[in-house]
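Before any questions on binding or motion, here is one chain by itself as structure tokens, the form predicted on its own.
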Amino acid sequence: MQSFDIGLTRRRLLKYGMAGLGLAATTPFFGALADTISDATQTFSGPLISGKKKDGPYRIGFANGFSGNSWRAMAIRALELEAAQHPDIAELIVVDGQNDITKQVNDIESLISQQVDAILVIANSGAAVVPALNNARQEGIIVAPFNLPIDGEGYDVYVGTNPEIKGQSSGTWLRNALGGKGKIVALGGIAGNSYTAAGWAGAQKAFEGSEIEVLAYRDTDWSEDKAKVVMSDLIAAYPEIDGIWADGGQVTAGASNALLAAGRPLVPVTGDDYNGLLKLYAAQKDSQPKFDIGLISEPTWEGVVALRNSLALLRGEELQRDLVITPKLITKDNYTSYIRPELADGVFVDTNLSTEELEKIFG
């Protein structure tokens, strides 16, 4: 398997996708932040996949694992807008697994029975969906997981971050921010979810050999409100908490607000590109000297690339199978390039959606 880093910017990546699809570079795709977060590294790997040309119009299915937060709402809207740009897409069918592994498997089987041409998927479990996706490929359906890898190689194209590497990078940042020692709590997403499990595994590798003591790990369903409740319990149990590791910015925003409500000092935190956390940092950094951020975004436009790559294979084109995105670390030194003070807390700022679209979603 060959892997190489071609050092594309985000803008160049999206142009690459359009060129591969024969679209004009002036396609009105880029949002207001198109050039703001343009420094993610994209690494292509895996075998070269040759598509088998199939006449359109195409019917595309998206098996979403759940739709319980604003990241998913933004990802779905980005997909809908992208699908509308392609005259050869007849229908985009979006199904919601409701955070239930069995339901998501049933959703995939339903998409197969509806004879869609491609299935995009964010898996609740990277293992449980494999048999259903294998069935899809046997029916000639393109399988394109994004955001979360699936187990094995039973897919056609993948795009997303590497959650374990991402967790290790954020864990390394937290370790350094604490000078290699301190008491931390870890807050994950959904119990049993492969993404959060891989991220936490990576973070624990980063803590090996240090004097970082993990007081507790708790799941929060990637919910700001639940994270605040969970953190309140941890605050009551532990008189000293020096740092918070989490794989979601909404989680650390909720946890930090719990610290504020308890009259405890804010501490170094990890997370992603959640606007509410960036706004909280901007508001509190001057009065909270220990408050620090080490954030790695999870782009909501990953599904757009997955859709474009699926269409390329349906049109008989050739693609390298895997595309891993490594966003740049957001810290106190560069956060002003990412924060959107005029927009809602729930916005994830690494997005291709326009300000107008974001205002429609968040009101």
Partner chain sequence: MEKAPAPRLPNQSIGSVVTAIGPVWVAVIALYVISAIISPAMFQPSQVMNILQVAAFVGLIACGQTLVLLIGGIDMSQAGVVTLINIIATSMMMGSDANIGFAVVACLGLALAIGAANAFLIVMLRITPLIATLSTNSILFGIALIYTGGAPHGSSAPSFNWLGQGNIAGFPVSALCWLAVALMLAWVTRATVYGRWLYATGANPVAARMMGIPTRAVQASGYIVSALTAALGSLLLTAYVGSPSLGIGNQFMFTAVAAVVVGGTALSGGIGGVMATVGGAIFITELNSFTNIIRINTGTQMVLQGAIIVASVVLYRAVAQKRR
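Predicted model only: the values in this text are computed from it and were never measured. Positions refer to the first chain, counted from 1.
One more form of this protein, predicted together with the partner chain, exists but is not displayed; see below.
Only one segment in the set 196 to 204, 131 to 139, 218 to 226, 288 to 296 has any non-hydrogen atom within 4.5 angstroms of the partner chain in the predicted bound form, and it is 218 to 226. Site annotation in the predicted bound form: the residue of Ala177, Ala83, Ile112, Val230 reaching within 4.5 Å of the partner chain with a heavy atom is Val230.
The single contact residue among Ile93, Ile165, Ala282, Ala191, judged by any heavy atom lying within 4.5 Å of the partner chain in the predicted bound form, is Ala191. If you check the partner chain in the predicted bound form, you find a heavy atom from every one of Gly68, Ala344 and Ile361 within 4.5 Å.
Although the partner is absent here, Ile101 lies well away from the partner chain in the predicted bound form, with no heavy atom inside 4.5 Å. Contact annotation for Ala73: at least one heavy atom lies within 4.5 Å of the partner chain in the predicted bound form.
The shortest heavy atom separation between Leu259 and the partner chain in the predicted bound form exceeds 4.5 Å.
At a distance threshold of 4.5 angstroms between non-hydrogen atoms, Leu266 is out of contact with the partner chain in the predicted bound form. Residues of 233 to 248 that come within 4.5 Å of the partner chain in the predicted bound form, judged by any heavy atom, are Asp233, Leu234, Ala236, Ala237, Tyr238 in sequence order.
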